[in-house]
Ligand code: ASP
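In structure tokens, the next block holds one chain alone, the form predicted on its own.
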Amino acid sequence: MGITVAKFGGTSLADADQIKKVREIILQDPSRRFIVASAPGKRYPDDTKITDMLIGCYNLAVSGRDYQSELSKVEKRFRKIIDELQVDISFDEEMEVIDRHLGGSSPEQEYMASRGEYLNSKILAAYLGYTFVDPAWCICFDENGDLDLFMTKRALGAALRPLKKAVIAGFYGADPSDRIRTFSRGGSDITGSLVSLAIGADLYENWTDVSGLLAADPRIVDDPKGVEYLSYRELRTLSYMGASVLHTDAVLPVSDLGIPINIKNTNRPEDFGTVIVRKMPKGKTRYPVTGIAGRRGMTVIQVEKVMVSDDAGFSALMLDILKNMGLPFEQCLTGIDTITLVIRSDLLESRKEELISEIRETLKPDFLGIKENQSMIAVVGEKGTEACDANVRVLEAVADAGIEISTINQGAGKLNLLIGVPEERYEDAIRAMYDSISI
């Protein structure tokens, strides 16, 4: 019998009824031996996630305000879950520890943000009769808060291999000083991937509230097709560009061993979902384009200087300026006598004038142009963009819709075509692109 790692998201574990569904799913397949749990998410649209409530307690505490009322709401929600599941577990001691932490001289946000996963995982482990594993013991961060993959693989493997069945809290670990460290939001996906890597799982299931990945955003495109199979590279690109089914970094650990990821729906467990693999299984249709995703909130900066292509140091100077200012960029496009940068507007906002001044002083360009309120759209396909006319049809569709294109970029790997369009035409562009190709 193989080993399946099953990660359940916040909506899957939002209340006792959802946790009962999760138990049924787990018990249906004996290979589901290692379970990764998130903190309780929203029970209904206007609800508040437990993690947000805990961070709210932290914000109240560090500002010197009373946090007890908000912390009491967190405790009541967990008590309700425990009572409805009829689990023999008490959180009195854990809540006292959290209270003392908040009332101390230096409460920490990452510690507070992690307590939802910690408490919910203890409930789920008790409900299932599985061993609870605290990732503070075995998911290792360094002093700077970066994941130590080598140590994590060793420690996590040593902690889990002797166990027949376990529930591991998602989202966090600890550094050498035993300080709690967290991944970015959605980081329980990464925990599931790390667990799969450490024990050499045969399958990593990621259970959420949708039946896999859709080829486009259903809020923009009516009834987009579901994607049954896609590659690790395609998923990383789509996730990075806004398809939020799976955390971007969750792909990397499992891809090393070729462990497939199956995105499944807790509320519709019979649905096939989406399977992410290294190579498409034989007999499965490879569509020219796997999906379309995009991100708003971009600024395009164009720098022109005659003979720039003959100056080997010009691009390096541009990148040095960004590095010294701590400004990451989404794209850097070079052409004859031009360099074009795409930067997130929220990161650029407070540094824009400083950046422009530095470019003018250091590079002395002939022209410096800025286009704000731009969006970037990725048309993603492992083979499609090099093997068919998908790119031509996409660009024709955008042009026919009268949408201005600010940038076009396709790397040598031809995994995706990146197109920049004004934010006010973002949704029009997505629809035009989707309608132009056969997905």
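The shown structure was predicted, so the numbers you read here are calculated from the model rather than taken from an experiment. A residue's number is simply how far along the shown sequence it sits, counting from 1.
What follows is about the form predicted in complex with the named molecule, which we do not show.
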Contact test in the predicted complex: K49 vs the named molecule, heavy atoms, 4.5 Å: yes
Non-hydrogen atom contact S188 with the named molecule in the predicted complex at 4.5 angstroms: yes
4.5 Å heavy atom contact, A39 to the named molecule in the predicted complex: yes
F171 within 4.5 Å of the named molecule in the predicted complex, heavy atoms: yes
Residue stretch of 366-374, 66-74, 31-39, 391-399 approaching the named molecule in the predicted complex, non-hydrogen atom distance within 4.5 Å: 31-39
Residues within stretch 102-121 having a non-hydrogen atom within 4.5 Å of the named molecule in the predicted complex: E117
